[in-house]
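Take a look at this single chain in structure tokens; it is the form predicted alone.
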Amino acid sequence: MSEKVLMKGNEAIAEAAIRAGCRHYFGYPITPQTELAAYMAKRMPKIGGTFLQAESEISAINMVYGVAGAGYRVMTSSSSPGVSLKQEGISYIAGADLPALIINVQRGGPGLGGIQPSQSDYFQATKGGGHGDYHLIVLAPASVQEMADLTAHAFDLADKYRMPTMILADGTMGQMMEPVSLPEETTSKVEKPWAVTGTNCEREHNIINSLYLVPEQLEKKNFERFEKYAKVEENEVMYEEYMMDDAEYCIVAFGIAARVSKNAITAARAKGIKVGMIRPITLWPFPKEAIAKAADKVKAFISVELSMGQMIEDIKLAEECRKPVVLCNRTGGMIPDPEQILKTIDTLIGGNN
């Protein structure tokens, strides 16, 4: 790791991607992720890479499709409405089993909404925002350091499983500045014998496609893909437990909501209330087993979200209705503060006495 430098989260993602071997970026500017595209515009030409501001988000994601098919590390970035425009292309990339990285630095919605931070794209990211049966690996950083670390990890996972990955950050993470140790340059090249690189008459043609007109073939492919997803769920779940050893109440939060929740936990413990937190780092695969294990001992769960309540559904599924799950939220670009979370805890305790 290098010496620490002060960077915005958006810039940390861009530099980490370059160091992970990404030399192709296609995007379109939208707040609050524009610094990422601007960073790539400056750096890519200097290192022999390709930066292209496409005429639209739809064009950008289909350029990603092409480069991914050629076997190169490639990425795009946008914010909520822009990612919505990319959904058809993301479904095509998933259907063609191609590795690629999509960055979503979320803003409020629906529609144009506002430019302030949000977490209301959780459903879109984790449930498959485009058409068909597919998943993305979805990673949720809670610091600028994780913005960098998870970017490198996302490229590795994409190549390992031949599937698209997503960094789902809220606008606060993109705009926040913190010291960060950037990863070393990646020198190893992943072998991709399936890539469309030209044959030189030495092998059969590779074909990248997501079209299967024979229904039995499409069904077979979908079942095979979900066998791969099962391996991802088995091997790639990431989460942080915070003060869960003796916790009687469990907060579940990610991104900026998790950082605020830690302050609320400190305040609650000062009052003698035993609160802990499970912070999902992979939103898909979701840490279901960790939630289920916590349900054996805690009295209730609090889902802290910058949305009208989306992750709360996965918490309820994981704990199988054994314990109450309540929502503590702000939306429209607002962020819950520790006092609001503490008030939710106090109300919950009152209802559980």
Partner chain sequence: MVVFDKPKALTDAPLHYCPGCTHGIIHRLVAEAIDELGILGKTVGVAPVGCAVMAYDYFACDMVEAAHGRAPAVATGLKRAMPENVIFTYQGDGDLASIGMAETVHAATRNENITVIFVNNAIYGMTGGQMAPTSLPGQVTQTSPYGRDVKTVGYPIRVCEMLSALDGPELIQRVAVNNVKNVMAAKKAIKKAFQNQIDGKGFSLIEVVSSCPTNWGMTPSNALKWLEENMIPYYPLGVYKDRSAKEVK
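Positions refer to the first chain, counted from 1. What you see is a predicted model, and the numbers here were worked out from it, not measured in a lab.
There is another form of the same protein, the form predicted together with the partner chain; it is not shown, and what comes next is about it.
- Stretch 51-59 is the answer when you ask which of 301-309, 51-59, 318-326, 32-40 has residues with heavy atoms within 4.5 Å of the partner chain in the model of the complex.
- Mapping the unseen interface onto this chain, Val67 counts among the residues with a heavy atom inside 4.5 Å of the partner chain in the model of the complex.
- Taking the partner from the other structure, the partner chain in the model of the complex has no heavy atom within 4.5 Å of any heavy atom of Gln175.
- Taking non-hydrogen atoms only, Asn206 approaches the partner chain to within 4.5 angstroms in the model of the complex.
- The partner chain in the model of the complex comes within 4.5 Å of a heavy atom belonging to Ala195.
- Highlighted residues Phe155, Ser181 and Phe286: none comes within 4.5 Å of the partner chain in the model of the complex, counting any heavy atom.
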